[in-house]
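Coming up is one lone chain in structure tokens, specifically the form predicted alone.
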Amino acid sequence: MVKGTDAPPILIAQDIVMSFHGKRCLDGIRFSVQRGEIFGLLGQTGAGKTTLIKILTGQLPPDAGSATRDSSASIGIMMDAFGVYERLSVYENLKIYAALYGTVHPKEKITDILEKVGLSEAKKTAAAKLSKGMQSRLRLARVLLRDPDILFLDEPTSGLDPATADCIRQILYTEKKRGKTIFLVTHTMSEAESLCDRIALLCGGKIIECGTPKEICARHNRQKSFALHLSDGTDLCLPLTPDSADRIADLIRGRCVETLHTTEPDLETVFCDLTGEERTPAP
């Protein structure tokens, strides 16, 4: 998010309602996105995230409410449903989209984008022969080719290996530094926690929380304690009280403390508590 400015939001969702076959999947969705921030929309599979992104990008009209974007802001969309021309090479795919977008100096632009997404060596490879990770990079390259003000990305790292997923995240950081606004749909809590300036949690068709990851975790910190690991191998959990502060100070003066941190829950723990889901076990 651009801090220290009073600029109006670049995107506003106002009381959006959407139903399918008599079942309401979005119920009064309301939030705003500031220019230059990475805004994350989190939710379970089937929570309505993709439906919402289609409404925000004008692909689908809501039953009620509205989605308003800054009229001067161009958009780019990366979704699984938006495929590529499988028989054409990576370069040929981008050449077609460059013509559609009216890209100035297309050869130079395509070369720069391929370098940015790490597909330079695969530019002559047919899209059908690309790995899933490389296809994701190609879809992202198509979005970046248009140089949009707002990037709408629907789970861009889903199912990818860690190295490829991290590469895409680094690209998003770079685009944010360039002043781009990114609307990121994901179900990966750790990704949202590390990448997003603000997030909205979607459950049961409603936004059940919205704010920075730190703010949300702090609001749901019921334990309110300190966790200490001492030099003798002992682990202590002390309540957040003046007496604990005195004891911690004594331990620090005695050089007994190796690590000290507060015990706020992480985003996944908060989400599971709010939705009643079980936390995914660590591998």
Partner chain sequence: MRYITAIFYKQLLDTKKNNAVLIQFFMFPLMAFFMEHMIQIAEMPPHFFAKMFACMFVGMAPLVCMSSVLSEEKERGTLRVLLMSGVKPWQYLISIGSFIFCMCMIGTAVFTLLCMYRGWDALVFVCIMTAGIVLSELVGAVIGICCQNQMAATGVMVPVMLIFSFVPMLSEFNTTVAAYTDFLFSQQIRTLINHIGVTAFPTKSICILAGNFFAALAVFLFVSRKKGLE
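Numbering follows the first chain given and starts at 1. Every value quoted in this text rests on a predicted model; they were computed, and no experiment measured them.
Below, we turn to the form predicted together with the partner chain, even though it does not appear here.
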property: Candidate from 132, 107, 87, 178 lying within 4.5 Å of the partner chain in the predicted complex - any heavy atom; result: 87
property: In the predicted complex, the residue from 221, 59, 34, 244 that sits within 4.5 Å of the partner chain by heavy atoms; result: 59
property: Interface membership of residue 163, the partner chain in the predicted complex, 4.5 Å heavy atom rule; result: no
property: 4.5 angstroms heavy atom contact with the partner chain in the predicted complex for residue 142; result: yes
property: The partner chain contact in the predicted complex: residue 54, any heavy atom under 4.5 Å; result: yes
property: 4.5 Å heavy atom contact, residue 153 and the partner chain in the predicted complex; result: no
property: Which of 169 to 177, 113 to 121, 189 to 197, 90 to 98 sits within 4.5 Å of the partner chain in the predicted complex, heavy atom basis; result: 90 to 98
